[in-house]
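Structure 1 and structure 2 below are the same protein chain in two forms, each given by itself as structure tokens.
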Structure 1
């Protein structure tokens, strides 16, 4: 290799490294800030931060996020229970009947939800569910999150079903199985890794959404879950609300809640990476 080519090769490698570091530096800055500030809050409060109630604004203690944390877990579970079957069935329709007008329409409609601002989904659910019932509720929040996560789950389920080899499809039909039995007894077993990954993606997405919850759940921080028709808290909404206040202890609680939310997301992402490997 000539000296000129060697110099250009080294320069290119240096540029790639510099631009890569510039790209990930903001991410590391955010994670480190959350880890340092959130860690201080959790260490100062102790385990009670995870199950305790919020403190008063004039208190010196950040208090706990127990009701909000339980509310987030409930909303994640409910939204997945609602959204996953819908996403699965629409993906089956798009994959098994790709030439039908309805199948193509559903495919375009669901994928277009990826481009809609999630706050508009919150406003829609507010108009259709919160206003008629006259109350914020866990149901409203779960439905809003289910709509948000539906296209993400749909995309992964669709890709998993499309990746099934044609030989397996033909073998299933040659055994005399109907289309429905082939889907639920053969194809789902073949694509189970992708189907599980889709569920994890939905959970991760639902764990961090804030905008759809502004108009749907009411933000109940001081009492634990009281029913699906009652207001409920959630960690993302608690962080948003606390950061808008002028109280120092609420800011500290928001840092701690941010660290908890980050750990939940990273845990789901780690499991997702584990199951997404071939």
Structure 2
């Protein structure tokens, strides 16, 4: 009897392991493909890949992605500055006033942002910002990105704030702290890990989104930062454009750019990890 159970247990363990591997395998496949192909490109071009300019389709060199890289970093930073506080305040509203009409309305509104195709958000910003100001701009791109990443940050912040245990909340209130002070000082400290992860999620999404940028930033391959009201480049746009061409040197550059994007994300992750564990 017990031998039978032992084998069943073993079988179960094996199945769990196999399924887990199957689930993680695609991720590993993607990461290793990017690492291998991107690594080849970066090694062949050298540090010039990070600050150099594109090369011709006729050339054998993949060229550099400098302007696009700087552009992406600036856009990530800007969109988080715009999107995170908005998402945070909205989440606070939803968590502290869940019953109010306003609170519920906001919750539904933000969650439905998730459903809108990101290209529509880009088109919206295009007609509201780009056309009236007569220029593609970093601002427009950052705002479009901020709208796209808002619901993701919101959901995460909301979850983090909600999962603060009741006795912590009681402790804060029993010290005579008002709701506002409790939220902004105590709960944010307690939910620190979740709040920082939310920022990470926002940054990561901002780094990879392409559609909102199509009609807002213009796209620069040769020009670095011209100013917030001027066009700017971005790495996902570069990857998108290069991949659609039939030229192998551009494909190599796209792989390299993908690896750079991955490295940016991973290093962000590492930095935040260190800072959220004091």
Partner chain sequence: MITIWMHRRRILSLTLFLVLALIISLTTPSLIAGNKETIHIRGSGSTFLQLQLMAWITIFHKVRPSITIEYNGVGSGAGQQQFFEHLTDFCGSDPPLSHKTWLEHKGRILQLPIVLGAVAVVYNIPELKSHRLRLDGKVLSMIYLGEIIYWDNYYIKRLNPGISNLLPHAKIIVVHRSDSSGTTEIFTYYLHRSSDGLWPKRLVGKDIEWPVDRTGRGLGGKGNAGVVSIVKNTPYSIGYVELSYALRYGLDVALLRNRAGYYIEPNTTTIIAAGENAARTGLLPISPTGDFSKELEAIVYSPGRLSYPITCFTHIIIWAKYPPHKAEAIRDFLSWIISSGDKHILPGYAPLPGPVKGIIIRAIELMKSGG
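Note that this is a predicted model, so its numbers are computed, not measured. Residue numbers count along the first chain shown, from 1. Superpose the two forms; the largest set of C-alphas matching within 1.5 Å is the rigid core.
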Chain form predicted together with its partner chain: structure number out of two: 2
Among 82, 69, 39, 195, the one marking the hinge of the rigid-body motion between the two structures: 69
Angle, in °, that the smaller rigid part sweeps relative to the larger one between the two structures: 12
Core-aligned CA shift between the two structures for residue 29 (Å): 5.6
Shift in Å of the residue 44 Cα between the two structures [rigid core superposition]: 2.6
